[in-house]
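The form predicted alone is given below as one chain in structure tokens.
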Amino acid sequence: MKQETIVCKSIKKSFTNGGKSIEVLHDINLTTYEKEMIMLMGPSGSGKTTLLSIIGGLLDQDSGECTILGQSINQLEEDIKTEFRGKNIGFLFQHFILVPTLTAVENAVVPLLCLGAPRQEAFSRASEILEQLGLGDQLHKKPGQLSGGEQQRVALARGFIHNPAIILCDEPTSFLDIDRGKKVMDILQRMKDETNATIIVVTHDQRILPFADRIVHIEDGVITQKS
């Protein structure tokens, strides 16, 4: 029997805009399991990225509980939460958040170095992953010298280089053509199969839906369908 990895119970989240409170998530319930890839779909503004941010411990819910690997992540002290996130969760955001003064391989290797991996071993793994993503000739270029799609692949490498149990992706193929998008999804699929990771992919890209173990639809802050 597969282990539960993420359990969201009755999650609600509001934001204040112009002095008015707007509830973005309404009573969200979602459970994921190890070795599962979930596509989270819905129109813009439906709450997908907000839910992803709560699962990743970047936002606190207003009410309800979000348990990650048995840990109620948003109940942790901030320094413990940061350590937990760094070890167990990998992120790929729509805005890549690469360090502009670092090269591609230096950006990709950051999570491993933060976890104390030997420097030579860490750089070797980063180089190998970037080569698999078609960036073998771009290792020493800085983000400003890379295209949007190339930056996205560097961010992807950084997101899963440390073999996290949870990988959260926000539109990972949005800047990529069909061949490169498939290559990214092939690598994520392999990560899931080899490490038993849970992967949640926020996407509008119909081309990658065959990679999903489940598709979850969210609209107006409510999960409307799971398949």
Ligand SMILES: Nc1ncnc2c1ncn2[C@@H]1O[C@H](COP(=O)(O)OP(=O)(O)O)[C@@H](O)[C@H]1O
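Predicted model, so just to flag it, every value in this text is computed and none were measured. Quick note: we count residues from 1 along the sequence shown, nothing fancier.
What follows is about the form predicted together with the ligand, which we do not show.
For the candidate set Val216, Ile11, Val24, Ala212, a heavy atom within 4.5 Å of the ligand in the predicted bound form is found for exactly one residue, namely Val24. Checking Pro164, Gly57, Gly181, Gly47 against the ligand in the predicted bound form, a heavy atom within 4.5 Å turns up for just one residue: Gly47. The closest non-hydrogen atom of Pro43 lies within 4.5 Å of the ligand in the predicted bound form. Although the partner is absent here, Asn17 sits close enough that one of its heavy atoms falls within 4.5 Å of the ligand in the predicted bound form. Considering the ligand in the predicted bound form, the lone stretch of 49 to 57, 193 to 201, 154 to 162, 28 to 36 in range is 49 to 57 [heavy atom distance within 4.5 Å].
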